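In the form predicted alone, a lone chain appears below as structure tokens.
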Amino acid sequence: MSDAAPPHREATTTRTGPHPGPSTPSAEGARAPGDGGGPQEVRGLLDSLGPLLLEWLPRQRWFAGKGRPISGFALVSATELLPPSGAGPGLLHLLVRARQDGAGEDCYQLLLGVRDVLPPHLAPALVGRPADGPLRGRAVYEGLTDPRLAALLLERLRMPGRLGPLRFTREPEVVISPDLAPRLLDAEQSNSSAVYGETYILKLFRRVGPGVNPDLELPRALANAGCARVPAPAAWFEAEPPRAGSEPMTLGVLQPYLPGSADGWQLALGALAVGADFTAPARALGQATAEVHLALAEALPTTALDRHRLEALAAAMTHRLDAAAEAVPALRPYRAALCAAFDDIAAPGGAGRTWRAQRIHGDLHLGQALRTPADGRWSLIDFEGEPAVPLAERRRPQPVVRDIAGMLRSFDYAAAVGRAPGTGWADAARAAFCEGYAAAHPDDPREDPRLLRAHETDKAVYEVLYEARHRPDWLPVPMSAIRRLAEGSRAAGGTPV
């Protein structure tokens, strides 16, 4: 997606800061690489890689702790997927906890290639050469950039089973060809993806934790419910839980690739470039979104947002607004009107009004929707949710209007990037999306706009804070929405669409 796209993922910030010198991280709980590695080898591995990772890890786009120094590492597991032999590469799978002062720690999945001599075309992927330890003097590099090593991952998924703490699983009816050439995608930010022969795409989660990742859980549930709007997982792999009593960690998911498809962001900007109407695609996208929501509600448990939950939801939104207004003075004149939108969802709870909550996409925008050129059919992808949000929170039931609000904000961003004159293009696309949604879903989000207005306001507040910190030139885009939403809150019954 373009750098001018909406700030959908906070974990993609590229700001960095100074880092300390090498530390001596703990290796407790680690599993040794290979069959013969013992505690000394594991400790030596992490000690030797630590200084290299201190410099390399913060430079990766998927590293979540930008701007905060790393104080040390702890090795969760180390598994030798392929031992190096002669001139051939080796592949080492690591789960490493990175500690940061004042910010706790995050667990990262690393796939490190190992060679005695690194070919010139892999030179940009170099992590470094350890000065000591079991990999002393060898070139350690980002393994996914090496086609031979990327192909090895697919082979592991073709032939499921266990290797140390790793478990590879394939759907029984899926047959994966062994001759699918890999290519690494360079557009990923919070994770990494490789396409195999234009047939499958493997998404590797970089920041991982105990629990099923929604990008595996939800597409599997949708496939079982017969929903064809989301590519069904063909295979995946996990790691055993690092602590007793916790769940396995989802590490990667293999899904069908949709060659030739274009995402909604590209299509919207293409329409704007030639002054074309976008209402028909927006209406069809609204229908596709409604179908996915209905299938998720059928496949997974739902709950009611009662008084206490609505009050907690409104309080959380107000807290985020206060924090953003403290950091961005431009928000302060609108605070009272924006808070009124949040109060509007707490008040019905006191009167016994409830809304339904269910599993949703969680990070829906134009870039998460693909349309195939042959039939113009929309599919939704990337159900991981907001990576900066804890996994347990991403797996909680939420109102469907959170997804709807995210898409409405995405239309506004597309109009701004595509330099649409006035608000007509965005207004028409937003209205068409809601019309398409209402045509396929029994709940029309426009009939009771309070919950939708509150979620769109919450999203716009997040955007203001993001733009102020990272792209000040783009601050007018969400501030325009803030002004509109504040005026809508002042007008009783004002609709956000």
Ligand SMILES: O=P(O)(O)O[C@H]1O[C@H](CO)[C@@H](O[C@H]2O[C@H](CO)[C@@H](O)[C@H](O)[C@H]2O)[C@H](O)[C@H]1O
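Rigid core: the largest C-alpha set superposing within 1.5 Å between the two forms. Note that residue numbering follows the sequence shown and begins at 1. Everything numeric here is computed off the predicted structure, so don't read it as measured data.
A second form of this protein, the form predicted together with the named molecule, is not displayed here; the remarks below concern that form.
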_Open vs blocked, site of the named molecule as found in the predicted complex, superimposed, 2.4 Å to backbone or C-beta_ = blocked
*Candidate spot Asp382, Gly406 and Trp474, all three in 4.5 Å heavy atom range of the named molecule in the predicted complex?*
yes
*asked:* Given the stretches 308-316, 143-151, 363-371, 270-278, which is the single one in contact with the named molecule in the predicted complex, using a heavy atom cutoff of 4.5 Å?
replied: 363-371
*in the predicted complex, which of the listed residues (Thr250, Ser77, Gln287, Ser190) lies with a heavy atom within 4.5 Å of the named molecule?*
Ser190
_Of Pro130, Pro165, Pro387, Pro214, the one that lies within 4.5 Å of the named molecule in the predicted complex (heavy atoms)_ = Pro387
_Contact with the named molecule in the predicted complex for Trp56, defined as at least one heavy atom pair within 4.5 Å: yes or no?_
no
_Can you work out whether Tyr466 and the named molecule are in contact in the predicted complex, taking contact to mean some heavy atom pair no more than 4.5 Å apart?_
yes
*So, in the predicted complex, is Lys459 in contact with the named molecule at a 4.5 angstroms heavy atom limit?*
yes
*Taking heavy atoms and a 4.5 Å cut-off, does Tyr413 contact the named molecule in the predicted complex?*
yes
*For 246-265: residues with a non-hydrogen atom within 4.5 angstroms of the named molecule in the predicted complex?*
Trp265
*Rigid core fitted, is the C-alpha displacement of Val461 between the shown form and the other one 2 Å or more?*
yes
*asked:* Please state whether His470 has a C-alpha shift of 2 Å or more between the shown form and the other one, with the rigid core used for the fit.
replied: yes
